[in-house]
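Take a look at this single chain in structure tokens; it is the form predicted alone.
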């Protein structure tokens, strides 16, 4: 039986680090190094390896991920693996999911433990990612599944995966939905299919989002916050370059009463999304609580409701919408589909 062709694109991250003379971990390994560390890969697929960059994912940009998506579209492969750092994996995988409309598995993986440690997880995660990309069920279901994240023998939908711990090896989860599949022995065991109507609709609407970067500010609401930073942004020349904003709100979509005036001003000035700051994400309330700082009045004031999207993912979607030139009603409709 012919083995699938799997193309590995390496961006950097902990999975690609090695110690310098002081013992500090630095970027250094490329795609060929990652493949050489996992001899079993050649039993699963015909591997092609390409080093795209050697940077930590905390330094990646929207433009780089747009370029990566274009590179993936141009590949002749049966599956694509992206290796990167974990710091922004929940964001980059979702952006790829919004940008890519392909019939082959696209999987993002990484490592929490660097190669100098006794039990690094990078090689195992890469092997698992290639096993998932080579699996018949995954290949048949690639369009239904969308972009995937594979970490610690679990498979997650890009729209749902979150980094839930800064350092532990089991740092990733899909808190609302759970994993789509699990790896057991040499098998990929399907568990569920994702609900992707909102992602598919968004992808169709923003197709060809090749405009200039559209910076989106992220504000995290907290106890006794008056949102003075929003006022400072609005007073800055050209709004400090920002074209949109995401507010990580409390509870089911609430902000402090002291912040309401500044939030209303921000919403009048630019598309502003309310998303849930709670770690598991939404969905949020729409018509339960009254008062100026709760969901009913905030929605009436023109705040865009982010549904179940975590603030980090809401920021990714809003930036992509603005880059595509969508107006406020179109952006509102896209977010509304997320619950």
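Residue numbers count along the first chain shown, from 1. Just so it is clear, the model here is predicted, and its values are computed rather than measured.
Below: the form predicted together with aspartic acid (ASP), not depicted.
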Partner-free chain; cross-checking aspartic acid (ASP) in the model of the complex, the single residue of 64, 51, 293, 57 with a heavy atom within 4.5 Å is 57
The one residue among 78, 225, 87, 153 placing a heavy atom within 4.5 Å of aspartic acid (ASP) in the model of the complex is 87
ask   = Hey, in the model of the complex, is residue 111 touching aspartic acid (ASP), heavy atoms inside 4.5 Å?
value = yes
Here the chain appears without its partner; judged in the model of the complex, the stretch of 96-104, 78-86, 154-162, 194-202 with heavy atoms within 4.5 Å of aspartic acid (ASP) is 78-86
Of the residues spanning 3-22, the ones with some heavy atom within 4.5 Å of aspartic acid (ASP) in the model of the complex are 13, 14
